Every structure is written in structure tokens, then in C-alpha cells.
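One chain comes next, on its own, written as C-alpha cells: the form predicted on its own.
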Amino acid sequence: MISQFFVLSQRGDNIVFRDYRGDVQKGSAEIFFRKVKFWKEDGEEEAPPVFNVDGVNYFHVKVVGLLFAATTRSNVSPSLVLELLQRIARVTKDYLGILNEDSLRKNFVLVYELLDEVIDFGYVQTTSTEVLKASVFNEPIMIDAGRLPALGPASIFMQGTKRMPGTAVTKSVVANEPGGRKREEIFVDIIEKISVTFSSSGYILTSEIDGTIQMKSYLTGNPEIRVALNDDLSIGRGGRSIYDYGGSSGAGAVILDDCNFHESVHLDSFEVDRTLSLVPPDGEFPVMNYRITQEFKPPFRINTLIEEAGSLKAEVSLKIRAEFASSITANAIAVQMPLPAYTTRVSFELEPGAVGQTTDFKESNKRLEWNLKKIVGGSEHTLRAKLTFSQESHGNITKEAGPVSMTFTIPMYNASKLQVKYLQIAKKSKTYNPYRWVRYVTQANSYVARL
């Protein structure tokens, strides 16, 4: 299985290192970091998640700015090792509450204890937080979450105090709060990653939603929980077209192509009333994964126009329109567009009064970048760019530029309309009323508009 496991910071500092088999040289972490930092093979800027150097296979994933990596000389399944790295990161976060360089350094004794229980001589034993509680005895040293920068998916739910408690994503599942109390609460997150491809005329060519219902429980005694989903939810199309909304499910019904459930979920009443019953294990876990290819309303429309403006010049007009309600705000929007290879200079013109927007021209790979801090639903934003070329275009300029790609995060919005209607917890007493938090977020997986 794996020979070594290590965690590196963005600077390449070795935070955690465990050698399980002794068949890979000790300097492998330095070799790995130099290879990742200065990767220039195959015309790619970023190193792939799996690569080989001198007979050693390197695997890595990036989690909140940290590099979780493993090495082996064996021919193992890449997807198995990448999944293991993700699970180690999740278990570590379950125990530490906050996953960053500071928390790993302060809790290195606990982290090494976890690693020794998760992996033995390179072979995986368990990645279940529930099972590990029986054999891991060190208490985590908690870090003040108030001093942390908003970073990664954890921060997407920190949008306003009404929707979110401050402790939502920074609590350990094993440590009590100050005073020995444990706040009774449960979090259910509906996270959807959407992939859409638009044609040059704005029609949707392909659309897909890859969703998951995540749960994190801080309830003592692990009571039974019932999660109710949409009544008109159906699984499988039964041969109907994706554009046929008028079937027995009714207009706008949520149709899942396929789905799978966590092993703790009981499906006895799912076929009858679309409720899932489960006794949640400790830690964060996916209750349900699902995939939808039924056509849905995309959150953004992208209009792009590129035309020549003389022998060595061209103009680009990029327009983005938010197609969701004005009460919803999208964050961290990034738009990229490859330009013709002979582009030498780009001058940008933003709309008057534009705030929180930045533009850049990456000369190394001839790419236009436009970043917006936030976009309010219903609004429209335009970028104009004037391109200067080193030679005349000898063909259709639209074939040498594009496509336009976009990344974003939209809290409290989901494209599929899948909803948690209620979250019922088995009562231990009349006064038992734990906090329930249901959150939605949509992220771009592959959002592309052709020219």
C-alpha cells in the first residue's frame, strides 16, 4: 500500500511526516514539493494529483491550503489513495475542529496518534471517526476561530449571523466546550457542484449537478434522526426525455438520475414519504450523494463578443448576468478566457463605479482573468478588453480564443430545488430541543461558454 504520508504547508514546510515502510528515501517530501512548485510538463501549469519520479509514485490533494501527500513504489489504485488522503483530512478536521497549519502543529501528538490508528505498515485500518474514538485518547488543543482568515469552503457558510452560528465549522467532535458543556446541535449541508456548457449562441448543450447531503452531528447519545426531502422527488427517468416536465411527477419535479446513501441510513419509509432515518455516527459524513442531468436554470448567463478592430487589434466584450433572486449573493467569482497565442498586450475597461473587481492578463499562457468579489442576484456586469497582436490573424479570431470558463460559490442557493423539508430528532425528554442548521451552497464544477 503506501510507504509514506506527509502534510506540507504552502511554503513547503514539513508539518507532519510518517514513514510506514522505509522503502522510499527520506528526502521525498522535498523532491515532491519542488516538482509540484515548478511543474512545467505537458504544457500544464499545475501538477496532476498523481505523478512518478524515479520509480516513486506521488499522490496529493490540496485541502484548505495544505498539501496532503503519500508515496509508494507499489502499483496501487490512484483513486484509492486520493480517497484515503481526503478521508485523513476529514478525520483530522473532525478531531481538531479547525484544519490549518497552526492547529496541526499544536496538536501534533494527537495527529500522529490518529495516523497510527488509521494506517498500519502502509495498510488502511479505518477512517471512521466513530471507530477511532475507542482507541484515540489525546484531547485536542482548541484554536480561537475568531482569529482565522475566511478560507475555503468552510467560510462560505459564514454569511450573516442570522443564518449561521459562529461555531458551525470550527468545533471538534470529541472536545467539550469551555465549562465542560457540549452544545447540542446538528448541521445538514446540501452542497451542489454544477457543470454547464453553453453554445456560442447561448443555448445549454450539457448540464449536470453533482450533489451531496453532508451531516455533522454534535448530539449526545446519538439519537435517531429523520430527514424529509421533497415529496415529488423521483429517482431515474424511466425513459423520459430530460425536457419532458409534464410526466406523472408534475411540473418542475426533482428527478435524480442516480443516488447512493451512507451505510447508516435506513430506507424503510423512503419509497413512501421520501424520509431518511438514521443514527448519525460521529464526525462529518455524506448522508446521500446524487446526480442530476435534468435541465435546470443556470445561475449565470455569459455573453461574449470578440471582433477585430484593425489589422493588429481586437476587442472583447464579456457580460455576466446573475439569474437568481436579489436576496442571494454569489461570492468569489473568477472568469477566465484564453486569448490568441500572438496577443502581446491587453488593456481593460470596467463599468463605471465597479467595486471589488480585478483584471489581469497572464502573458505566460495568454489568458484573460476577471475576478469579482461578489455579485448580487439580478445584476449584470460587463468587462471590455482591447487586445494588441504581434501579427495579423489569418483566420476566424473566435476559433483562436476561448472558451470562457467561470468559477463561483453561491451560499443559500441550490439549482436542483432539492430541499430538506424538516429535520426530526428523537426526543429524550420534553425539554430536549437541540439546534438544527440546514444550509445550501452551489459551486461551479465546470461552467463553460463557447465562442
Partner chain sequence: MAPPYQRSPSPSQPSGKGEVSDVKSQLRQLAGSRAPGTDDSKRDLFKKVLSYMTVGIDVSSVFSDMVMCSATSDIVLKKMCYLYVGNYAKYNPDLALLTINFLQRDCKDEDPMIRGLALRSLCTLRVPNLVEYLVGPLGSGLKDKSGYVRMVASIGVVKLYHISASTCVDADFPAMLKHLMLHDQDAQVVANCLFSLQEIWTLEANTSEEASSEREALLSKPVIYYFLNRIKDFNEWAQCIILEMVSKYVPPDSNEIFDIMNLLEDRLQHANGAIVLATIKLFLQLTLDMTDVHQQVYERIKAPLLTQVSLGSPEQSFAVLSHLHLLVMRAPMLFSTAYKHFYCHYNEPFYVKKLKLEMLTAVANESNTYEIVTELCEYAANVDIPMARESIRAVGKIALQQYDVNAIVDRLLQFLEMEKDHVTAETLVLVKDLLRKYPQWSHDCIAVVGNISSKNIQEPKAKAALIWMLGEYAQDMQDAPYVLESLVEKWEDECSAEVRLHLLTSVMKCFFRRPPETQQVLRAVLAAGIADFHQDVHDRALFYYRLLQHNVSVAEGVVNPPKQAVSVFADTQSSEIKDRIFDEFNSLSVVYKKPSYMFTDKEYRGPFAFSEEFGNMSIGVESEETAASSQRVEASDKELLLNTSEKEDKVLSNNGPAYSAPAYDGYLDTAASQVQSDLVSLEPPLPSHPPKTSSGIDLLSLGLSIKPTPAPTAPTLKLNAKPVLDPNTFQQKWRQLQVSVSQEISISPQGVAALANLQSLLRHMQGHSIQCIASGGQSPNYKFFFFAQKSEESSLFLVECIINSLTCKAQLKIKADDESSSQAFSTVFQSALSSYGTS
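Rigid core: the largest C-alpha set superposing within 1.5 Å between the two forms. Quick caveat, the model's predicted, so the values are computed rather than measured. Numbering follows the first chain given and starts at 1.
The same protein has a further form, the form predicted in complex with its partner chain, not shown here; the description that follows concerns it.
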Taking its partner chain as it sits in the model of the complex, is N371 in contact with it (heavy atom to heavy atom, 4.5 Å or less)? no
Please check if A47 has a heavy atom lying within 4.5 Å of any heavy atom of its partner chain in the model of the complex. yes
Should Y20 be counted as a contact of its partner chain in the model of the complex, where contact means heavy atoms within 4.5 Å? yes
So, in the model of the complex, is P338 in contact with its partner chain at a 4.5 angstroms heavy atom limit? yes
Contact residue in the model of the complex, chosen from V76, L350, V279, A253 - any heavy atom within 4.5 Å of its partner chain: V76
Answer with one of D268, D273, E307, E263: the residue that has a non-hydrogen atom within 4.5 Å of its partner chain in the model of the complex. E263
Report the stretch among 374-382, 299-307, 324-332, 134-142 that approaches its partner chain in the model of the complex to within 4.5 Å, counting heavy atoms only. 134-142
All of M1, I15 and L82 within 4.5 Å of its partner chain in the model of the complex, heavy atom check: yes
If you look in the model of the complex, which residues in 118-141 sit within 4.5 Å of its partner chain (heavy atoms)? D120, F121, Y123, V124, Q125, T126, T127, A134, S135, V136, F137, N138, I141
For a quick test of reading the superposition: does Y203 move by 2 Å or more at the CA between the shown form and the other one, rigid core aligned? no
Is_shifted V81 between the shown form and the other one (CA, 2 Å cut-off, rigid core): yes
Cα of R18 displaced 2 Å or more between the shown form and the other one, core superposed? yes
